[in-house]
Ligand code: HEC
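Encoded as structure tokens, the following chain is the form predicted alone, with no partner shown.
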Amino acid sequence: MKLKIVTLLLILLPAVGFASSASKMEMDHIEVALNNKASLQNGAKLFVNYCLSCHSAQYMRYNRMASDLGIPEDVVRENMVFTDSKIGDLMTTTMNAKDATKWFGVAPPDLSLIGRLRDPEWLYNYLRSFYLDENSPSGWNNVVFENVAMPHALYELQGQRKAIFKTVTEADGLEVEKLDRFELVKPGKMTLEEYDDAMKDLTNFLVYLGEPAKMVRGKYGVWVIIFLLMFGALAYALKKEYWRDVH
């Protein structure tokens, strides 16, 4: 019984930690586009170049990703596999968990299911909301996930920014800090619009990563609906034929 309770607590602990990190900004909306192969391919490129060195995706294989996203396997081997892994291997990281805990205070989590744990809007805004913070061990903080241990892995693309906050009185009279604006300290390789588009692609990929079967359901769902409509029409016609003699 005690073992079951401990196991349940270990399962719920990450969710409790995530829930306690309230956002200090209004969330921008994003439309997930799993039918956009170009977006998913660019998201995969960003993931393996900027995320996979620390975070694993241990429930996804390189060849499954290549097949789903329409990326030739030779392209994946040459441009997306940076270790001695084979095309059929799982997408794991080479970072040692003990070293990661020593450097960041906590080992970076596996991201296979992050697209199911978090909704797309949270992921999209989180990826865009890092700012410089001299009081943070990593030198970075995040408006969406305050005091997150993760440094800004994509800063060379977005640039370095500082966050300006303002005090707002809410309807219940409680004073809270809200984001007023970001101020650019050092520009990155991308413009603001380019970076936002790139984070939409990365968010799309993370959502796909959490449930690859959505790709299959989306492809066959239309045909299933057409079949059901045709079957329904035939069944209705047959019902009328059977009941004609009754009346």
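A residue's number is simply how far along the shown sequence it sits, counting from 1. It should be emphasised that the depicted structure is a prediction, and the values quoted were computed from it without experimental measurement.
Another form, the form predicted in complex with this ligand, is not on view; read the next lines as being about it.
>> Just to confirm the contact call: exactly one of 85-93, 117-125, 72-80, 171-179 touches this ligand in the model of the complex at a 4.5 Å heavy atom cutoff, so which is it?
In response: Among the candidates, contact is made by 117-125.
>> in the model of the complex, does Y208 come within 4.5 Å of this ligand, counting heavy atoms only?
In response: Outside the cut-off, so no.
> With a 4.5 Å heavy atom cut-off, would you call I164 a contact of this ligand in the model of the complex?
Replying inline: No, I164 sits far enough from this ligand in the model of the complex that none of its heavy atoms falls within 4.5 Å.
>> Can you work out whether A97 and this ligand are in contact in the model of the complex, taking contact to mean some heavy atom pair no more than 4.5 Å apart?
In response: Result no; A97 lies far from this ligand in the model of the complex.
> Heavy atom to heavy atom, is M60 within 4.5 Å of this ligand in the model of the complex?
Replying inline: M60: no, not in contact with this ligand in the model of the complex.
> Which of M190, C54, I30, A198 has a heavy atom within 4.5 Å of this ligand in the model of the complex?
Replying inline: Of the listed residues, the single hit is C54.
> Going by this ligand in the model of the complex, which residues of 159-185 come within 4.5 Å of it through any heavy atom?
Replying inline: Result: empty, none.
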